[in-house]
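This document opens with one chain alone, in C-alpha cells, the form predicted alone.
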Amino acid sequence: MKLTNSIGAFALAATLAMPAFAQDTKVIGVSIPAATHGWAGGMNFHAQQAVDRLEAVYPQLDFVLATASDPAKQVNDIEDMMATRNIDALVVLPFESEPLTSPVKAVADSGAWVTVVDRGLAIEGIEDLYVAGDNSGFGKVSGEYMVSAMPDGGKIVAFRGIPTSIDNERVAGFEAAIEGSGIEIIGMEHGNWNRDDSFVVMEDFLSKHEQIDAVWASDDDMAIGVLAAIEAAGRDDIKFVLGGAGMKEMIARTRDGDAMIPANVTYPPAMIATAIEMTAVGLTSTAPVSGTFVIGSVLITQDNAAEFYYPDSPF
C-alpha cells in the first residue's frame, strides 16, 4: 500500500488525537546513524527538530533518540531501548540492512510498532510502516539524465553507497535506465557515501582508465570526493559528475552554471521527520498510517535549482 496523504492530514490527525492526553505515557525510540556524512548530518538535524517539536505537541509521548557510528552500536542502542525503556514504538534508519534485521525483528515480535526509514531490512514485512525516498526512481532519474546528457554514449564509472537494499534499488534503476544507450559502465565500486572513501576509489579509477567521459557519483558527498580526485589528477576528459540528494553546496554550483555539476537528484534527509511524525500519529490516534510512504525523486537542473536551494539547511 502506498500512502499519499499530505503532511497536513497528519496535522489533522494530531488534532483529533488530543483527547488521548489522559492515556499513559508511551515511549518512541528513534535509532539513526550518526552524522558520518553530509546527508546523515542533515538527517540528524531534522530528527532532533522533530523530537523537540513533537514532545511539545504530544505530552503523552516520550522520545528516546540515539545515534550510532556503526551497526554494532546501533544494535546495542535498540536492545537497550527495549530493556530499559520498554519502548512502544521504534523508528529506525538502519546503518546497514543485514545486521539490523534481527534486532528490529525482536522489537516487532515484542508487539511494539516499527517504522523503518530509508534503508530497508534484509527481510521484508517486519515493519508496520516504511518511509523512504523513491530509490528505484532515484536511480532511474539519474540514468535518464545521463542518457540525455550523453546522446552518443560513452564510458562512465559509477559509485555505490553502503551495502544496503536502497543501494541495490538505486543501482538497478540506474542500470535499467541506461540500457541500450551506448553508455558503458567501465567501473563500479562502493564509495560508502563518504568523501574520503570516494576520493580513494576515484584515484584508483583514474589510474586504471585513460578515458572516462562522466561519473555517476549517486550522492553529493561522494561527488565531492570524486571532484577532488579529478582535480588532483589534473584530468580534463571527465565532462561532468552527477551526484544526488540535494546538498546545498552542490545545488548552488548547478544553479550557478558549473559545467562539472550540471544536475542533481533529490533525496531529502527530512524524511526522518516525516517518519517520526507519522509514528506519533499512529500511537496517539486511530488514523491509519501503516504501509509505505514514498517520497519521489526530482531532477534538478540550472533551470529549477533555485527552488531547491535552502541556505539555512545543515545539508
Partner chain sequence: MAAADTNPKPTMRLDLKVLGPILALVVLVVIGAMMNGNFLSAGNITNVLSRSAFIGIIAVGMTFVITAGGLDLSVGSMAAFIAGLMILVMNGLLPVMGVGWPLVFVGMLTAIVAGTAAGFINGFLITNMRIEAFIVTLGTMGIYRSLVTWLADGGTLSLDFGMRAIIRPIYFDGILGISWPIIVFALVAILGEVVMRRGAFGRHAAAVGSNDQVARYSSVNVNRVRMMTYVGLGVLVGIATIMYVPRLGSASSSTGVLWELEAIAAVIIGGTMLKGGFGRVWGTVIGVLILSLIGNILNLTDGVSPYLNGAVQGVIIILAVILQRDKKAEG
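The structure displayed is predicted, hence computed values, not measured ones. Numbering follows the first chain given and starts at 1.
One more form of this protein, predicted in complex with its partner chain, exists but is not displayed; see below.
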Have a look at 135 to 143, 73 to 81, 118 to 126, 196 to 204 and name the one stretch with heavy atoms inside 4.5 Å of its partner chain in the predicted bound form.
196 to 204
Please determine whether residue 221 contacts its partner chain in the predicted bound form, using a 4.5 Å cut-off between heavy atoms.
yes
Tell me, yes or no, whether residue 103 is in contact with its partner chain in the predicted bound form, where a contact means a heavy atom of each within 4.5 Å.
no
May I ask you to check whether residue 66 falls inside a 4.5 Å heavy atom distance of its partner chain in the predicted bound form?
no
Even though its partner chain is not shown here, does residue 189 get within 4.5 Å of it in the predicted bound form, heavy atoms only?
yes
Decide yes or no: are 36, 163 and 168 jointly within 4.5 Å of its partner chain in the predicted bound form, with each residue judged by its heavy atoms?
yes
Position in contact with its partner chain when the complex is considered in the predicted bound form, options 231, 152, 184, 179, heavy atoms within 4.5 Å
231
